[in-house]
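Below sits a lone chain in structure tokens, taken as the form predicted alone.
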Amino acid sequence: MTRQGDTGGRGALGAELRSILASNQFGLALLITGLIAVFATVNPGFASPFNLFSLTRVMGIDMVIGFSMMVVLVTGGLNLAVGSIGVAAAMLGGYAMQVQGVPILPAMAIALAFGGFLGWINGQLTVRIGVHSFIVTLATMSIFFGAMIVLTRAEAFNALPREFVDLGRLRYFGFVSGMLPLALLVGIGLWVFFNRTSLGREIVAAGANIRAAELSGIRIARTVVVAHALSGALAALAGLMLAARNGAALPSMAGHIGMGWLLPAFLAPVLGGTLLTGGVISVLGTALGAAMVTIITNGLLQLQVGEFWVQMFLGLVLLAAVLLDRLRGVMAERRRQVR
């Protein structure tokens, strides 16, 4: 005879399993697996140790770029200055190491703090001026990048310490770049922050419903500023990772005024399930979204598809992701109304 508790337990387990199978993250994982199988079959060079090392190195950087946008999207805001902040911070770190002779770890700490400071400026301007962060970061994107070009005279720092450059060459098991485990550790830290700390939960709550958050005593201005500061620090980390990969801190690392990072910055969190309207965040989904973007880009380039075609395809993927985001937002609102 089956006990009622056992039946209830199996029912709860079945519901949990169905929830996982129906989740956006599970769908992304399946899609990534399929893409890897297709690219490896069509082009055996895709699965070579050299390409896998290059792939995981770019993947780690793209994940951190995606995290940088994700932490602002959860508030319902945007950070178009991620690329400019990342390059400016990496250039400061390069200047500290190469010109001033600052040891690697303190120089990296200076770069991260500077990125956080630039993000803090974005947050303060957004709160005090009262306009959407889209406008604020659109302006600061050009300001930060232009100031960096003027101060550095557009010169690269290409004599960085060997130990720093070796970080970009670090590999595990012969084919996994050290950039990937670092990005995954950052993702774990962000998951803990947003799910296990009161400040992280307040940021999510403020993004979901500002009025309700205010009534519950949450300081909305603080959540916006903290999210932007965190975004700036993550952008700085991505810039340092890119500098280590390139072996130099270059003014053009993120494209013209940092716009080269915008596509992966948006694609990763939106594909992963973070809502553009705020209030819903998925760290795992963002990591998977970044992985998918990197695999698609690498696989198509391996098949000698032109880079412009790849950019056009990723743009279409972003458009489809935005439409899905809108659908998820409508469904989330309906669930809130039912509750």
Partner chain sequence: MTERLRALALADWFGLLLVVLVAGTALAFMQPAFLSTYNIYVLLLSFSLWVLVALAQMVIIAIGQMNLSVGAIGGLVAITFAGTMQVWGLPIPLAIVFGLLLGALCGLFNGVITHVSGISAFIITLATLSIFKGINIGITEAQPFYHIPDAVKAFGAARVGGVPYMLVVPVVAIVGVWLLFNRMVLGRQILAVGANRHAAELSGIRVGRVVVIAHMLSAVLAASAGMLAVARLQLGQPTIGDDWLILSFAAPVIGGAILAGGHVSVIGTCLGVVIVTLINNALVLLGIDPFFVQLLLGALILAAVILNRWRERRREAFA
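None of the values given here were measured: they were computed from a predicted structure. Numbering follows the first chain given and starts at 1.
Omitted here: the form predicted in complex with the partner chain. The next part is about that form.
> Residues in which of 255 to 263, 228 to 236, 91 to 99, 196 to 204 have heavy atoms within 4.5 Å of the partner chain in the predicted complex?
Result for this chain: 255 to 263.
> Is Ala40 near the partner chain? Define near as a heavy atom within 4.5 Å, in the predicted complex.
Taking the distances in the predicted complex, the answer for Ala40 is no, it never comes within 4.5 Å of the partner chain.
> Ser216 near the partner chain in the predicted complex, any heavy atom under 4.5 Å?
Looking in the predicted complex, residue contacts with the partner chain do not include Ser216, since no heavy atom lies within 4.5 Å.
> Whether Arg153 contacts the partner chain in the predicted complex should be assessed with a 4.5 Å heavy atom distance threshold; does it?
Within the cut-off, so yes.
> Can you work out whether Val192 and the partner chain are in contact in the predicted complex, taking contact to mean some heavy atom pair no more than 4.5 Å apart?
Outside the cut-off, so no.
> Answer yes or no: in the predicted complex, does the partner chain come within 4.5 Å of a heavy atom in every one of Ile135, Ala147 and Gly315?
Answer is yes for this spot.
> Please pick, from Ala109, Leu185, Val131, Ala159, the one residue with any non-hydrogen atom lying within 4.5 angstroms of the partner chain in the predicted complex.
The option sitting close enough to the partner is Val131.
> Relative to the partner chain in the predicted complex, which residues of 266 to 300 have a heavy atom no more than 4.5 Å away?
Going through 266 to 300 in order - heavy atoms within 4.5 Å of the partner chain in the predicted complex - the hits are Phe266, Val270, Leu276.
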